[in-house]
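In structure tokens, the next block holds one chain alone, the form predicted alone.
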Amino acid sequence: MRYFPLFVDLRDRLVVIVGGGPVAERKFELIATSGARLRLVAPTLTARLAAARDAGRLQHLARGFAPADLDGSRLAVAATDEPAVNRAVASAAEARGILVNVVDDLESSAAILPAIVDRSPVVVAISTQGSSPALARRLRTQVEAVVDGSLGRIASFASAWRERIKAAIGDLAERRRFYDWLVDGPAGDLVRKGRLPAAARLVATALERRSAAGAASEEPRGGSVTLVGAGPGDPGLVTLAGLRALQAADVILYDRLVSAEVLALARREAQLIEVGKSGGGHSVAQARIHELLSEHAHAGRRVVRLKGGDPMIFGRGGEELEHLQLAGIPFAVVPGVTAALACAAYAGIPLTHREHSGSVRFVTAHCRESVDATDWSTLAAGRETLAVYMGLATLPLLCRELVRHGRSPATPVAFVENGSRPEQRVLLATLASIESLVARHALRSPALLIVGEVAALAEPLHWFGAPPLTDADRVAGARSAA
């Protein structure tokens, strides 16, 4: 290990950067986050560096480099495009015992600047010892994705309790176990949610319980439930917060339509339980889902309720939250990319468009009861885009009612089957012809129906998967009109 990793306190310490171009600008922005006093030596500065100088964020010596410019500095950075100047900076720094980083010159550098993931006070520095800065940046991106953004808040919270924890728990192993509980248990969950007073009360109670017991005691395990939106299938659409929840879960209750690729994101030790729909009915009744949520949470487990799309849009997420609230189980919600947004985007269909539709309405039509309760006059009026969830089973009735209440039979419609997945299919027709096209191609769930003029844009704006399957009569008519 040629370069020893070390964190250096640069607050109010002088750091000299030689150079005033784009590279020096990047080094300045990085080092400035440390609170260092910055001196830049260069005849000219970029516009951003000049603005920083005018704002008093740096001292500018508007001339060429002189060795005495480094006097009193803690760190030097040579960032010019002139190798001779950079070598002169390195030589002057070496003579003064000052650490120096020379951009793109590993042999002349006594120090290198790592790629940084900042969750202050937690900071992760990544280095390839100068051999591959591009790889270091790539690793930083991967670490950014998995390191919880709230980790810094948890570290600050734990630091505030450090002395009290040390005084209450003398045994080092016991203290480590307590910190594990603080970070991974209910106190940490409360900090992540921004509920610091409640987290403080929980930690205080745990320490008081230990003090009263006079010996080590088991901290309350405090299970919880997180509703996570899995999106429509493409694992790349799972949010970072959703990914972190999956990788921290002990138990995952998932819907049938959650893709295998999304489930593969979960940690290997997690128990996977399918609780979705099958064959038009519930393979697991909603009441049983509630029982499972309570059972595992009360056992102290971290439970993820993984739902296709977004849990709060036609996902019965509200019912499950109400159950958890009544049961006294802590919960959180991680939104997902709902099917209407994802399927439309992957089919090349803008749900709104200045020339075709100024609004969009989400509708569910999975059974006769939901169809009967629909305000068809409102849905059929105007040029509003309709995104219809679970409309395959009631398609004939849906098309008939829209036409009966005023929508033109020639209104473009698109069905998106398996949206965002490799096997995605898009069927493009009209209200009058979509039923026959669905029958001809044996369309199956999951499929989202889009009704409105914007649906016709699936042809020219196609970008993902196979081209749309079209109604030949509609295409011929459109060409004839053109």
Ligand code: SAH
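In this text, residue numbers run from 1 along the sequence as written. None of these values were measured; they are calculated from a predicted model.
One more form of this protein exists, namely the form predicted together with the named molecule; it is left out here, but the text below deals with it.
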Q) Using a 4.5 Å heavy atom cut-off, are V16, F65 and A88 all in contact with the named molecule in the predicted bound form? A) no
Q: Name the stretch, out of 307 to 315, 320 to 328, 72 to 80, 108 to 116, where some heavy atom lies within 4.5 Å of the named molecule in the predicted bound form.
A: 307 to 315
Q. Hey, in the predicted bound form, is C343 touching the named molecule, heavy atoms inside 4.5 Å?
A. yes
Q: Indicate whether the named molecule has at least one heavy atom within 4.5 Å of a heavy atom of A199 in the predicted bound form.
A: no
Q: Spell out, yes or no, whether the shortest heavy atom distance between R26 and the named molecule in the predicted bound form is within 4.5 Å.
A: no
Q) L448: heavy atom within 4.5 Å of the named molecule in the predicted bound form? A) yes
Q. Given that the named molecule is left out here, which of F157, Y389, W181, W376 has a heavy atom within 4.5 Å of it in the predicted bound form?
A. Y389
Q: Using heavy atoms only and a 4.5 Å cut-off, determine which of I289, L402, V238, L257 is in contact with the named molecule in the predicted bound form.
A: L257
(Q) For a quick check, can you give me the residues of 334 to 356 that have a heavy atom within 4.5 Å of the named molecule in the predicted bound form? (A) T338, A339, C343
